[in-house]
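Each of the two blocks below gives one form of the same protein chain as structure tokens; they are labelled structure 1 and structure 2.
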Structure 1
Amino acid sequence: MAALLVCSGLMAFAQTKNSCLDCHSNLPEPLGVSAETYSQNIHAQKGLTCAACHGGDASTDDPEKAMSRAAGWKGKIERKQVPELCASCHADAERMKKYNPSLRVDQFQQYKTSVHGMKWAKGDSKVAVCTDCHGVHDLRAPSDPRSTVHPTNIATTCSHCHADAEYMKPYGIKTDQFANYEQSVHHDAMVVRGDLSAPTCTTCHGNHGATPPGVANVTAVCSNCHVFQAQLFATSPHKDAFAALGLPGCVTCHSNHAIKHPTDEMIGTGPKAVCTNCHTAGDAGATQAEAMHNQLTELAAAIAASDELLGRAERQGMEVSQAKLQAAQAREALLKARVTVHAFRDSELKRDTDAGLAVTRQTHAAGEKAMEEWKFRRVGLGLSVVAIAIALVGLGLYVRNLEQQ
């Protein structure tokens, strides 16, 4: 199906005369645009030519007619003209229905509400416009993995400006966001594991209406994906405490761009704990945090011990499949407990960890029983071997005696 769509797009490109390419395909950059490059352009695949943006008449081979003002020739498009030029089509619902009825037509209105758009409206020529993110002559559909706005490429696209210290200097904005994101669990899910649903820049900041989330909005942004954690945090003592101190909810413990994979060491009073950023040893919060840490590590250790014992029994050929299936319930309890942490009440956490510990006691007992049976079988097998050996020796002596007679 995908190949059919590509072929139909290339046929549309091939059937539409575009005399502009006859000259520009032989010119050097930045004026050079090869036919191969332009054929990948989503506009070309829809049958549009250079004239759709630059004006003129691409159907004639006469340069004077092709680039005549009478034919609407615009020539070079200035950066400040780009958003309105793109909007002349993309904000026209009737026109867009001819090409993609499902495509939204409010991008330009959203752009005008964004930080980029507001600065553009004030005449700032450095802020991002449509072509900075989407490309120009090689503009591809967002679903194309080669597109600059494909989910796996968005962070890199944003970094072209936001990781450039000199470029961002006039705005007083940090430029370490991309470097931090590359270390995050979100980047690992997106780029390494190929999970296209994982967060990238536009997931949290928006795309056409890109706006940094304020302190009060951070939890709402994170809760788009982390629903249960947000619900628990909303009932926790931290919500009001953070609000009183002007601290953002999730970011205070997890950071924003450099979100590391959460571990049980993050809670408690250990060297890697984030609780100690606010709590001191001995206070009520630190005591409860340490209690929650101990509950999590106890269950994790019990699961590890049970899994090791069942694995050893299985390697010895014992049947422990039922116990291993039951052990999954303990891991689910641990997973649930790690979410329940966001309520920041050890009594609620204890319900989950106790349920998991009850399961591990059963699976560990099943593992011990299997190992005892294995030992019993091994002893029985040894005795059987000895008995068989004695019988063979006796039989050998009996045969020899018969031969001698």
Structure 2
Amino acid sequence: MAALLVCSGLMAFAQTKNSCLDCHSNLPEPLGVSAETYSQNIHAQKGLTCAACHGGDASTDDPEKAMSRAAGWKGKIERKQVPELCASCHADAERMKKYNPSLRVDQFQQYKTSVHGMKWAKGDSKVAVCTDCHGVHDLRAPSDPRSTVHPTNIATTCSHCHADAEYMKPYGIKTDQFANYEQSVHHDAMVVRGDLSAPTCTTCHGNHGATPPGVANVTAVCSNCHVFQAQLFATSPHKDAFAALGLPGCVTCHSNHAIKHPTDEMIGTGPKAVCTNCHTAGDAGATQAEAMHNQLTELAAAIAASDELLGRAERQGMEVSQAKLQAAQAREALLKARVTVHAFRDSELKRDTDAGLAVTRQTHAAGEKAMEEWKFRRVGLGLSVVAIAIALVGLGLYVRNLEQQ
């Protein structure tokens, strides 16, 4: 079916007379548009010729007639004309319905609410217009992995401007978003591991309506995916305290673009802890932060000790598979505890860590028991070796005695 669709698309491309392409595919840059490039274009695949955007008459080989103003030829399309050109079809529900009734037609309307669109309306020609994100003659549908707006490519597309300090100079905003995002857990999940459920620039900012989320909405952005942390944060002492200070929720501790994998060092009063940015030694927050850090590290250490002991017993050939299975519950309790951190109450965290510690006490005991049994067997084995050796020596003496006689 998919192959058939591609075929019919390519046939539409091949069948429609497109004299513009015949001629321009032989012209040098910037006038050249190769047939290969244009065949990738979603518009070409839907049977649209160059004239759909540029006007003119694509059915004649005579350049005078093809590029005549009388036939609607527009000449060079300026950047500031692009959004309205694209919108002439994409905001026209009647027209688009004939091709694809499920395709949204609100891109231009959304664009006008974005920082890009608002500045464009005021005559700024450096902000992103449709073609900066989508490309022009090789424009592909977003679902195509080679599209500039496919999720794995979006960060690079935005970075063409937002990581260009020279280009962005007049606006006085930072240009480190891409460099920071590139180091984040989200980039790692999305681009390195191909996990399309991770966020890229447009997940947090919107695509056509791209704006900064604003203090009030940041937690809402993160909580779309990190539901449990958000629910706990909403019950925590920080919710109202941060709101009163005008601080956004999650990104105050995690940052927005450079989100790293958090560790137990992030909580407490140590050098890598975020808590000491606001709490000072002795206040209720610092005291609880310290307590929570200790609860987490105590459980982590207990799990490590139990794992080490069970591993040792296993290597000696002892049967500990039941205890190893049980130890998984302790690891789960630790994972849960690292989420429960977001309630920012040591009593609540303690419930999770205590549950984990109860398990490690049992698995540790099972490990100790296995090792004792191993030692007992080893002593038993040693004693029997000695007994056999004595018997052998005795036997040897006896045989020699017999031979001498």
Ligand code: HEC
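Predicted model, so just to flag it, every value in this text is computed and none were measured. Under this definition, the rigid core comprises the largest set of C-alpha atoms superposing within 1.5 Å between the forms. For numbering, take structure 1's sequence and count from 1.
Peer 1: Compare the two displayed forms of this chain and pick out the form predicted on its own.
Peer 2: Of the two forms shown, it is structure 1 that corresponds to the form predicted on its own, while structure 2 does not.
Peer 1: Can you give the angle, in degrees, through which the smaller rigid part turns between structure 1 and structure 2?
Peer 2: 10 degrees is the angle the smaller part turns through.
Peer 1: After superposition on the rigid core, what is the displacement of the C-alpha atom of residue 385 between structure 1 and structure 2, in Å?
Peer 2: Core-aligned C-alpha shift comes out at 7.7 Å.
Peer 1: Please state the CA displacement of residue 395 between structure 1 and structure 2 in angstrom, with both forms fitted on the core.
Peer 2: With the rigid core fitted, the alpha carbon of residue 395 is displaced 10.7 Å between structure 1 and structure 2.
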